[in-house]
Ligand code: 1HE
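Below you will find one chain, with nothing else, as structure tokens; this is the form predicted alone, and questions on how it binds or moves follow later.
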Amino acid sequence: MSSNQDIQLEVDGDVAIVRLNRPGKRNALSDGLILAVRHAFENLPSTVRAAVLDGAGEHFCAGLDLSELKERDAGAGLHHSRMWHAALEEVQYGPVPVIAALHGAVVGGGLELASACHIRVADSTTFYALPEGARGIFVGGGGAVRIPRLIGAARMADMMLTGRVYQAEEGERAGFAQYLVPEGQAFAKALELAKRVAQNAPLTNYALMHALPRIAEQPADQGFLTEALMAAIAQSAPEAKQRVRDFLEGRAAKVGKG
């Protein structure tokens, strides 16, 4: 296990646990913490096959650390936003799938960070909000791209225009999270899922992280071609061939109900 002031990294078998570590600030995102997130995902051990992103204390992340909010001209603001983009790109398009364990506040920049993960598990204490509209600012960490893909542009606009807060159950229905669990169980469920994901063929996981979201944005004719190319590459891997043989010869588990 390694740590610094802002973040903790622990490796549990082939799963990395990356934990935001500013509980006294509700894990508010300072520039230092954003850069620590980027560094953590850029430097995951080569043995890691999946990751869990968690927040220490009672909240996942309460958003931007407003104590660091500075007056910036347009150029400085642009570069600051692009710094966030580069960090969150390492989460979404890094080496392994990332499962977020959400609890308490998932607000502003915290929701932007969660939306960069591939699977989100929320517990019953989770709530989602985008208070930037009331503060006279706009999302700058990729939220304008990623959040509408989860919940739609109309819901996001409503949140920013009116200050609407989604509680855990309605948030899961809206699409913020794929799993909803009782209070205190988000991390355990996220770790369980990460261990399952880590057993997949690495090239299949890579395709789901890097190809699937791009296919979804392509015109259909381009998407079909990209899918065909990715399918051919994935099934040509020696591990994929062995897995298919195991299934055909009765050595692999079959898909069950539930």
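Numbering starts at 1 and follows the sequence shown. Fair warning: this is a prediction, and the values are worked out from it, not measured in the lab.
Another form exists, predicted together with the ligand; not displayed. Remarks below refer to it.
Only one of 28, 48, 193, 36 gets a heavy atom within 4.5 Å of the ligand in the predicted bound form. Which one?
Contact check passes for 28.
The ligand isn't shown here, but in the predicted bound form which of 91, 105, 119, 156 has a heavy atom within 4.5 Å of it?
It is 105 that has a heavy atom within 4.5 Å of the partner.
Can you tell me if residue 198 lies within 4.5 angstroms of the ligand in the predicted bound form, counting non-hydrogen atoms only?
No, residue 198 is distant from the partner.
Close approach of residue 188 to the ligand in the predicted bound form, 4.5 Å, heavy atom
Looking in the predicted bound form, residue contacts with the ligand do not include residue 188, since no heavy atom lies within 4.5 Å.
Using a 4.5 Å heavy atom cut-off, state whether residue 179 contacts the ligand in the predicted bound form.
Because no heavy atom of residue 179 falls inside 4.5 Å of the ligand in the predicted bound form, the answer is no.
Residue 55, heavy atom within 4.5 angstroms of the ligand in the predicted bound form:
No - in the predicted bound form, heavy atoms of residue 55 and the ligand never come within 4.5 Å of each other.
Contact segment among 132 to 140, 93 to 101, 167 to 175, 147 to 155, judged by heavy atoms lying within 4.5 Å of the ligand in the predicted bound form
Looking at the partner contacts, the answer comes out as 132 to 140.
Interface residues of 108 to 131 toward the ligand, as seen in the predicted bound form [heavy atoms, 4.5 Å]
Residues within 4.5 Å: 108, 109, 112, 127, 131.
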